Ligand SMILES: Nc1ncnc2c1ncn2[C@@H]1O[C@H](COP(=O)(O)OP(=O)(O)OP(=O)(O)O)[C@@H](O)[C@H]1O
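A single chain, nothing else alongside it, follows as structure tokens in the form predicted on its own.
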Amino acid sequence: MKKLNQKVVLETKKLSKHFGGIKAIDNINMKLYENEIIAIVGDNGAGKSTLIKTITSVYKKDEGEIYISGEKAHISNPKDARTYGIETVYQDGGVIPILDATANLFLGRVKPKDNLLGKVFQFVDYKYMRKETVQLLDRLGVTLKDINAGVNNLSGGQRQSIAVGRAIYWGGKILIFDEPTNNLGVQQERKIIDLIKRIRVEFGVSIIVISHNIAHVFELVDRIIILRNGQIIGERIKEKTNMNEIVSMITGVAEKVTNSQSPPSIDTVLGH
């Protein structure tokens, strides 16, 4: 594990989201460090997806604050989140199946030509966009037989790779993966795991992974945060825990943290 003495790139303080009388997430305090990979794990309904959707303002927070690199962030919608460098890759990848890799990479952000036709009539520079797509996928180690083929002709792992590439290309410094290996075959799972490892090294990003696959979590991450009933009930450095302990904490077999107790902070764990 890398020594976590870098700056905090994302922090939530007392972040809460309620749906009526249900506290989907309640008083969430967490940190993500520069170039770190963390996992958020928990059983169904623990609040994992609600947490990331509240951070990115798919859901409006009811309480709490979000800080990016130490500064309070004002995130009212997912577009605001992207301006802060937060990009989310969901289970379905968010790609349009009938479009090719280039169109998906530049989805909603096409590049006009750098001439009169582009400036006045918004003619699209397809040649530039295709070149950028090829270079990016090459850097990510992704090979497509036909760059012009609709992504519906690609494997699930390749579609996911295009979504990851889009997040990187548009300035994502904090990447959130929601079940990145879900519904993939074994070989495609391996490619996505390798891709996530590669982009941390290649692009120096910080990553949050939400996954129910504890084996994948232990292969990928530096630190694990466990949610239950919308609250953080503990967090562990990967090297100082094991899969049995994490599963026990998820399922409630391990001793519960009571309301009068606070889970150990990452600063305490690391001796900061």
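Just so we're clear, the structure is a prediction, and the values are computed from it rather than from any experiment. Residue indices: 1-based, along the sequence shown.
Just so you know, the form predicted together with the ligand exists too; it's not on screen, but the next bit is about it.
Q) Ok, Gln231, Thr56, Ser206, Thr50: which has a heavy atom sitting within 4.5 Å of the ligand in the predicted complex? A) When the ligand is considered in the predicted complex, the option within 4.5 Å is Thr50.
Q: Find the only residue in Glu65, Glu219, Asp62, Asp43 having a heavy atom within 4.5 Å of the ligand in the predicted complex.
A: Here the answer is residue option Asp43.
(Q) Given that the ligand is not shown alongside this chain, does Ile22 nevertheless sit within 4.5 Å of it in the predicted complex, heavy atom to heavy atom? (A) Although the ligand is absent here, Ile22 would touch it in the predicted complex, with heavy atoms inside 4.5 Å.
(Q) Is Arg236 near the ligand? Define near as a heavy atom within 4.5 Å, in the predicted complex. (A) No - in the predicted complex, heavy atoms of Arg236 and the ligand never come within 4.5 Å of each other.
Q) What residues, if any, in 206-226 have a non-hydrogen atom within 4.5 angstroms of the ligand in the predicted complex? A) Residue within 4.5 Å: His212 only.
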